[in-house]
Every structure is written in C-alpha cells, then in structure tokens.
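The chain below stands alone and is given as structure tokens, in the form predicted alone.
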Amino acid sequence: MTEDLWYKNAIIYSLDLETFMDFDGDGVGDFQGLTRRLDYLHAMGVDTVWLAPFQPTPNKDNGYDIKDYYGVDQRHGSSGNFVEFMHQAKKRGIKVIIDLVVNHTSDEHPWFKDSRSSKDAKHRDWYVWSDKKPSDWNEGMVFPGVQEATWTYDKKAKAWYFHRFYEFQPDLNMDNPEVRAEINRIVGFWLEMGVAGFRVDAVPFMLETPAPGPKNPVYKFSYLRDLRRFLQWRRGDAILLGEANVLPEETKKYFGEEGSGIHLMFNFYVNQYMFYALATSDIEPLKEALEATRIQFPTSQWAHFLRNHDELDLGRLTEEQRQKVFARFGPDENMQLYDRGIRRRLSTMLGNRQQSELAYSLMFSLPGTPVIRYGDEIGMGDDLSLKERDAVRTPMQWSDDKQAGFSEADKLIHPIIDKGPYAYHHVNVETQRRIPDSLLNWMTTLIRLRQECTEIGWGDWQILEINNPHILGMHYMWQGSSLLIFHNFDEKAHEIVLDLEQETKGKLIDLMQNEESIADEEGQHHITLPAYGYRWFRAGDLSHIMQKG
C-alpha cells in the first residue's frame, strides 16, 4: 500500500548516541540525554532518527565492533532507558531506525570466543577460517594505510580468520544458514522493541563469499531478498536503508527485482559529484550522475546526504576531478584520508554560509530522501587534531555553557571544539535559536518546505536544459502539481529565461520568498539567481517545458 511508504517523504537525522547528549555526567552521551532532546528534533521538523550502534562493545571502532546484539551498552544506559526513549519518540511522531552491523562482530563476542576455541566448536563455522596462510592475506583492505591485512593468524585457533575491516572485527560467515537465522532473530528483536527499520552496514561485504586466495567475489543477493521478506513479514512498513558504495549499473541488484531488496540506499555516486560541482561550478558530471542513478521501480528510493560519520569518499571521481575537490575542500594532507577522502565537516569545507545553503537546498531537492548529520544544522566544525574519522565526531554544541552544554563531566568521550571560529562559544543551538536568520532557523524552514513538496519524494523528474553550465534546473511532476527548482553553482549571478508551453499560462510561485514570476508578453519567465543562489517554484500542471538560455 502506498501509505506504507513513509520513507518517500521522510527527513532522516543521523546521530551518534555517545556524542549527542550526556545526562548522567560521565562524559558519554546516553538515551536519557537523547530523550530530553527529542523536542529539539521535533521542533526542527525531523520525523526519523537514525542511531549509530549503541549495543555493548569494546568501542574500538565507534561502536561498530559489537559483542552483544541484544542489549544496550552500559555507557548509554539500560534497555529500560531505550524503551522509554522509544515511547517518547513515538509520542512525537518520530520514527527510529538503528544500525544493523552483521557483516562482522567484535572479537570479544561470545560467538567468536567459542569459534576460536576448537575446530569442533559450535560457532566454528560462524566465521571464515583458513588452516593455511591465504595468498591474499594483505589485499582488499577497506582502510588502506591504517589496516594492514584482511586475514589474521589466531594462535588459539591455530588458523587464519577473515576480516574485511580491522583485525578485531572478524567477518561472520553469511553462507552459514544458522548465521542468517540469527540475523533474523536480531532483526525481529529490535522490531519488537519498536524500531521502524535498519540502516544496514557494509551491504556488499555481507553478500560476498570470502575464501582464501585471489578470486572474483560472488555476491548472493538472495540473502537480501530473504532479509527483506522476513522484515516485512514481521512489520509491513519497516525499511532497510543500505550502505553500498557501488557503481550505478550494480544498484539494481541491491534494490532487487520489482523492489524486492533494499528499500533505500545511500547515493554515494551522486554525493561525490555534488562536491565536484560545489568545488568547480561544473554541473555536467552531476547531471550525468543523476541520470545514471535514475530509479525505475516506484517503491525503491535513494537517500541523499552531504556528510556522514565517515570521511567524504571521492573514490568514484577521476584522479583529475578528485584533485580539484582536494584543492578546494581539503588542500592540506591532514585533511585527507586514505588518499581518497576528506575528513572534514560541511561548514569547514565550504567556508561560507552562501554555499552551505546552496548545498543543503540542493541535497533536499534531489530525487530521494534527505539525511542530515547531527550538528550540520548549526554549522558545526571539525577537530583535525583527532585521529582519522574522529575529526567529525565531536560532541553536539548545545550552548556556550561548560562543555558546550553536552555534559557536566570534565573529561568527554571526544573533546569539544573550543577554539577558532567553530568553537562552541560561537556555534551552538541556544544562540541560533534566538537569531531569526541563523542557519538553524533556515534549516528548519527548509525541512518544512521539503515536507510540503511531496513531488520530490513521489514524483517523476527531469533535468532541465538551461544552456548555462553553472545552473542545475530540476522539474518534478506529481498528481497534477509541478515543482521547478534551480541552483546556481557559480560565484556570479545569472539570469535564465524559461518558456513554459502549457494550455494555460500561469504564474510561478516562489516557495522561499514572497514573490511570483509572471510570464511576459512572449510567455517567458525571467528568473534571476544570485551567486550560489537557489529558487524553488510551484506551478500548475506543466505538460511540456522548453527552455531558452
């Protein structure tokens, strides 16, 4: 049923529990703290919260090394605190999706401890083992330069185990039906706890069948279909949001035939070309990326984002394109990661309010579901003195009080930003609430606008040929209503001329300011876009559009 497709028009807010709000004063964020900030999210217009892993963990990789899938890490509170959080979120109409991290476990998980105990152990085949040293033991690392191998020798097991990520994250053997059945139990457990779905971590690695020695990976997409079938059987409107940084021609397999796979996937491909356009004002590659990732089946959907908890991955760009983005947004070596990404937040990369607004207006207007990273709504900065991806994982800046209002503790899980233009004294929620034209209030307006523009989530779209290399024009149609959205990536202002051929010459209503565009005697609309400008218009049913530059 179409009314079950709530994700088509959702606004997703991504946060890490440990850095969002600390209630008990131990320097680590928790569910009680998050619960007390739900009104903030609700007032902003957020209707879906995506939580990073919060289960028990040694916490060697931001919680992505889980040792118990059925609990809450004591740093974050108790299962009772989680239930109360879910209750309060439901009261406010906020859905909750959580990370499903089942490509690997922590090496401290009881399953792995048993697996390495002997060849006859119950969980031995739950992981991937090799008696001999694989010839490709140091190939295929996800984090080159930081990670040294993908196969590690375990003295107790007297064998080598496979780990696509760090050595303390052994991969589960997805070919084992017992493992897949356990994953279903994990999914079923959290569905019973009230979650609305899962952000599925590292989807391609979940589906591969690793074996010692060089190989061409075989991906078993039937596992995705089975997971989707179980999920919908337990809760019909629950969703899977996949992390799969794959080429456009491969995405159909992940979405599945007639939408039988992942509901939503992050559009990493378009994300990289968005930043190329922001760095160079050349929008042609972005237009090509949008067309290359066009979705045909109506229940499938892209999730668009600007920044997330990892580095900005630029691996799909050409070397020349990547160097142009580095030069503009990450010129120092300390700003770069793995030779392919940038470990900075959006505001520090762009460096100015105009382009920040352009970037968010663009992301919200692309065909799909927008995902906001915590702190970006107030323009938080990064701390490049922290290692690797921790640079963008600093605590939320609530006020100019002690520790930015995040915690009463003297020592925090990560230090707050207390120096420079992005210090919490200057950039915080409390201050921006009181400033009418603050980034926070602007973002709140944008969220409301996106929720009112259902054409973006549901409608058909086309890219308008405007004959201007710096302006992206998008046209959406849904149930007799039209949206026209324009973005100017240039540092100079431009005027475009639109000739809208329709049965009734109507006017275009500007959705962001109290203006209208009325066609001249020749039936043309003259629309001005300032430097880094953007305009959203609603019109009637435009059966045909022709543009003149």
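Not measured: the values here are computed from a predicted model. All residue numbers are counted from 1 along the displayed sequence.
Unshown form predicted in complex with a small molecule; subsequent notes refer to it.
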(request) Run the contact test on D282, F486 and H487 with a 4.5 Å heavy atom cut-off to the small molecule in the predicted complex and return yes or no. (result) no
(message) Among the candidate stretches 416 to 424, 144 to 152, 199 to 207, 284 to 292, which one is within 4.5 Å of the small molecule in the predicted complex when only heavy atoms are counted?
(response) 199 to 207
(request) Have a look at E357, D136, D226, D310 for me and say which one sits with a heavy atom within 4.5 Å of the small molecule in the predicted complex. (result) D310
(message) Quick check on this chain: which one of D383, E455, D107, E243 has a heavy atom within 4.5 Å of the small molecule in the predicted complex?
(response) E243
(message) Does any part of Y69 reach within 4.5 Å of the small molecule in the predicted complex? Heavy atoms only, please.
(response) no
(request) Look up in the predicted complex whether K253 has a non-hydrogen atom within 4.5 angstroms of the small molecule, and give yes or no. (result) no
(message) Does any part of Y64 reach within 4.5 Å of the small molecule in the predicted complex? Heavy atoms only, please.
(response) yes
(request) Check whether Q169 has any heavy atom within 4.5 Å of a heavy atom of the small molecule in the predicted complex, and answer yes or no. (result) yes
